[in-house]
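There is one chain below, alone, in structure tokens, taken in the form predicted alone.
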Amino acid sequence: MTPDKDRDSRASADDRSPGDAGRQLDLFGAGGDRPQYDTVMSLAPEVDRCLKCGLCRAVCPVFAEVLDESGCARGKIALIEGLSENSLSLSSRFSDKLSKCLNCKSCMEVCPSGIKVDELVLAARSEIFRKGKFPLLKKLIFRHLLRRGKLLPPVGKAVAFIERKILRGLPPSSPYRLLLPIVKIDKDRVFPVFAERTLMDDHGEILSPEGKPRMRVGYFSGCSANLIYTDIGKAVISVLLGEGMEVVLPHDQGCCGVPAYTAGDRPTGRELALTNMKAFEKYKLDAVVTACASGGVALKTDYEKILGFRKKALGADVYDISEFLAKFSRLEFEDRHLERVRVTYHDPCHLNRGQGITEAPREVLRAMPHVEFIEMEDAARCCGGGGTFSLTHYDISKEIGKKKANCIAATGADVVATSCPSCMMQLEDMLRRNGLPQKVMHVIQLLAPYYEKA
């Protein structure tokens, strides 16, 4: 499919209602005279629906740690209401309060009015960005590093070199480790190691199975599977090929845009979305698969809901890999006498509440003969990662993550599986920080051995 010329600069008029088109103007600063904070004003009806009941307080992981009204949805809605009425301004304090949200969507799950809290918070953050109240470091990352996607692989390789050759070799007492807090990185934090070779370095764009393909499936790898957790990407490709799918891995795809537009930089998020649309639309695909919960919710809903593009922005239905397998595979595996493991599962917020997928990954896990599945208490509670949240508010993130680590430990499992690379980073850090031995794996990594040739 060839992208429409118009879509390079705006969403197709055929795919949006007149109201959507008006909202698009508000989001990006086009149009005539508007209120001072027009992005927030466009969502004023959502603000008015808040009953001030406070049910969100009981489920908000941030509020549980900060015990401040502004930490929960009700408090943030009150702040946004003040902004829309011009009784509050975009002060540094306001910006800090709005940044303390994981976008875990727990509040939306219990809200009796069904308020789109995520859209309200992201709208306020976009105002912060539009009015220039945005940290310089984030501007550099979003506007230069992420927007110019071709920079990511070489930067990732440079980071991999620094990690392997410099930081990992430094003794704990080294004075150079004292520099880490200066760049707001906890010196004891466990970070994933960037791969020396990217997923795309080792794979072509079109990969064919043995025999006639059942379907032609695009694989949206996302940044993490391409640059860090390449084993996840290899496992996805192996499983899809084993299922008889032709796999398309466009090398000109890039970041999904979630880090940018959830932080408030919607123009950059929009450009990244367009890059991905162009990368996938040129292929005639039966489906698009991803193994990243945040990337999945972006492709399925956020491109349309937040950035104003049409449905099926990549030219086909998007599936999480476990959702895809539950629908298109029989999930029947012979016992390969793999080492038996006890596995528990952590629900990523953007897969569970973001996409409504909870049973599919568990179905995949239960289908594996070598896995003993153990359900954990509060499996759906946020781990505290939240993408850049764990970088900017690590003290809060650690406390939320500690609770999740304790739930994992209580299961007695050998492995905690999940479906989100961002959650994997957080869980690995929290387990090691709390002295726990559990291994963190993506569901698809546990499944891949069943597709290897005997």
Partner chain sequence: MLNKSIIACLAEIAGKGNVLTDEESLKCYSYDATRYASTPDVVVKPRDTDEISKVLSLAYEEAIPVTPRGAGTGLSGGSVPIKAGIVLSTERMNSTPRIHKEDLYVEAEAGLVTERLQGAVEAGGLFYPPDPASQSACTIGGNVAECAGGLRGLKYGTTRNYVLGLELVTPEGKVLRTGARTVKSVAGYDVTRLMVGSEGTLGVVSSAFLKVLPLPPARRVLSCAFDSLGKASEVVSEILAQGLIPSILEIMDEKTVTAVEAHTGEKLGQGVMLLVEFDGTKAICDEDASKARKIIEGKYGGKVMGDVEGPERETVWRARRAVLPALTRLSPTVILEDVTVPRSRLPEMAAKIMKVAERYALRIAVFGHAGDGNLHPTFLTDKRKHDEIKRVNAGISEMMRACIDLGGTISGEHGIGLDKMPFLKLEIGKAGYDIMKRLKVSLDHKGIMNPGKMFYDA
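Since the structure is predicted, the reported quantities are computational estimates derived from the model, not experimental observations. Residue numbers count along the first chain shown, from 1.
FYI, the form predicted together with the partner chain isn't displayed, but the following is about it.
Proximity of 57, 88 and 93 to the partner chain in the predicted complex is complete: all three residues have a non-hydrogen atom within 4.5 angstroms. By the criterion of a heavy atom within 4.5 Å, residue 409 is excluded from the residues contacting the partner chain in the predicted complex. Taking the partner from elsewhere, residue 242 is found to have every heavy atom lying beyond 4.5 Å of the partner chain in the predicted complex. Among residues of the shown chain, residue 50 is one whose heavy atoms approach the partner chain to within 4.5 Å in the predicted complex. The shortest heavy atom separation between residue 63 and the partner chain in the predicted complex is within 4.5 Å. Stretch-level contact check against the partner chain in the predicted complex with heavy atoms at 4.5 Å: of 72-80, 194-202, 211-219, 362-370, the positive one is 72-80.
Comment: the partner chain is not present in this chain, but in the predicted complex one of 381, 97, 312, 130 has a heavy atom within 4.5 Å of it, namely 97.
This chain lacks the partner; the member of 111, 326, 248, 316 within 4.5 angstroms of the partner chain in the predicted complex by a non-hydrogen atom is 111.
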